[in-house]
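Form predicted on its own, single chain, as structure tokens, below.
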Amino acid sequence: MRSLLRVERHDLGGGVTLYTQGAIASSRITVASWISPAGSSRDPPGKEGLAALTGRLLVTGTRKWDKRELARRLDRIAATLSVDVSWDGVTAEITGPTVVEQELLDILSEVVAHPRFDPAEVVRIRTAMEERLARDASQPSHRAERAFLETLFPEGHPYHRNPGGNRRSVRALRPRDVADFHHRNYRTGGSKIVITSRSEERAVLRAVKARMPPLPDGTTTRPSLPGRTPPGAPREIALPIAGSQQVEILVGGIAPSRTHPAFSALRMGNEVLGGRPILSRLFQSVREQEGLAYDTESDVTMLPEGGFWSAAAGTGAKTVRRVLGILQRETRRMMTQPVSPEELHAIRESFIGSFLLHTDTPLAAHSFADEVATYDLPPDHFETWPAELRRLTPEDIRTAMAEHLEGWARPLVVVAGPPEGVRSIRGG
């Protein structure tokens, strides 16, 4: 019997790799994704948002099928198709019944390799992107996140920029830009195909080789990256937003990449700090004990080209300093004092239980296979992960967070919201 969390790797040539994952025997669903390195890090200067626009256009028709025909084909076989564009890549994913698995692969292949890029659709989606950017500009949470990342990562680093671009750059994008970007970045090596299915592995491999498009031989190269956090960057940033109601507070700093050996310890430490709903320290201290915030959480985002950590809360204008003090206090406590064995056990078992629940459906389990493919992790990475997490000691977690989460002693602070709520924060 194939393990549900084991992900096998197959080299297809031309810089393309297939990853296969089994599904439970009773499953009737297949999930397939195409992961390409054509993320926003490849946006040319002055054309920020081009990767996002190109990705969104993949689902609006192909050379064979216009938008309506593509929608009819998906509806006829009860399939769904989606595209997600990030800093580091683009993922096109199709889900549908296993009995039409080969047709699912046909559609995915056509969508990725031969998109239509109808000029009318370019205009429609470009307009929607501009409208989204305009809305985001008035949202404290978005403004805080943008200022946070733009300060941590210098200009030229992919995580400095907004994957959605800016209003000026998006407005200037044309159909020719989209076609050129697709030709340069989708038809190169470095692409990965990930399939979760109960079908026999050899049958999946044959079907992929027969149906997925050939790509020119070659491998993709990563762009050179500048350093991090320019010297003299502000440590406190205030962003007054007239008309807003809630103040968003964000504190944090730099974290390692996803392949760093301390990943598991950092992930578990984050669950203790603010990642685990209800059980985490931030939830208990900020919400349950003090009743000061509408929402609070922490995150350690570890990506291919580095990462960042943050603790965040949304509160009222009169309680900004009190909430900020708690965020900073609880962050320092994680770095300086080991968590108790009892607290670690409770949060760890909750986390592992939640993780295991996500292996019962092909769609949820597929996200783990995508992660294995994206970061080239060992085939048994998620099979052995619960045991690895249970071996972590309180001191392992404290040491990992203190040594690998930069800036915790004096984190970057960003506060965005109504002017009366951000006056006490220096900078701007």
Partner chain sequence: MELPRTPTFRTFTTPGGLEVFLAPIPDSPVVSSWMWYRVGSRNEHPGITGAAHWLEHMLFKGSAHYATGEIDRAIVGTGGYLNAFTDSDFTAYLSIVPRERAELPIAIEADRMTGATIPSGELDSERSVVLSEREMNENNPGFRVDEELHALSFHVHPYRWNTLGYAQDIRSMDRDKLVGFYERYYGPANASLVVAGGFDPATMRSFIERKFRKVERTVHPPDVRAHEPPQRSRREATLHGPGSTPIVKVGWHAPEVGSDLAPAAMLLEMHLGGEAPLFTPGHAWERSREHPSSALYRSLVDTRLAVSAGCEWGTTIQPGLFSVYARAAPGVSAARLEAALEEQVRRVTKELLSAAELRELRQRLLINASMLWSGTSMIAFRLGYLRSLGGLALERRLLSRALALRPADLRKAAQQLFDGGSTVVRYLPEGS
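Just so it is clear, the structure is predicted and the values come from calculations on it, not from any experiment. Residue numbers count along the first chain shown, from 1.
There is also a form predicted together with its partner chain; it is not shown, and the following applies to it.
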Within 4.5 Å of its partner chain in the model of the complex - does that hold for a heavy atom of every one of A238, S264 and P378?
no
Of E290, E343, D180, E200, the one that lies within 4.5 Å of its partner chain in the model of the complex (heavy atoms)
E290
Have a look at A134, A233, A210, A172 for me and say which one sits with a heavy atom within 4.5 Å of its partner chain in the model of the complex.
A134
Quick one: does N162 come within 4.5 Å of its partner chain in the model of the complex, counting heavy atoms only?
no
If you check in the model of the complex, is A79 within 4.5 Å of its partner chain, heavy atoms only?
yes
Please determine whether T399 contacts its partner chain in the model of the complex, using a 4.5 Å cut-off between heavy atoms.
no
Contact flag, I29 vs its partner chain in the model of the complex, heavy atom cut 4.5 Å:
yes
Just one stretch in 105 to 113, 332 to 340, 135 to 143, 251 to 259 has heavy atoms within 4.5 Å of its partner chain in the model of the complex, so which one is it?
135 to 143
Residue by residue through 106 to 125, tell me which have a non-hydrogen atom within 4.5 angstroms of its partner chain in the model of the complex.
A120, E121, V123, R124
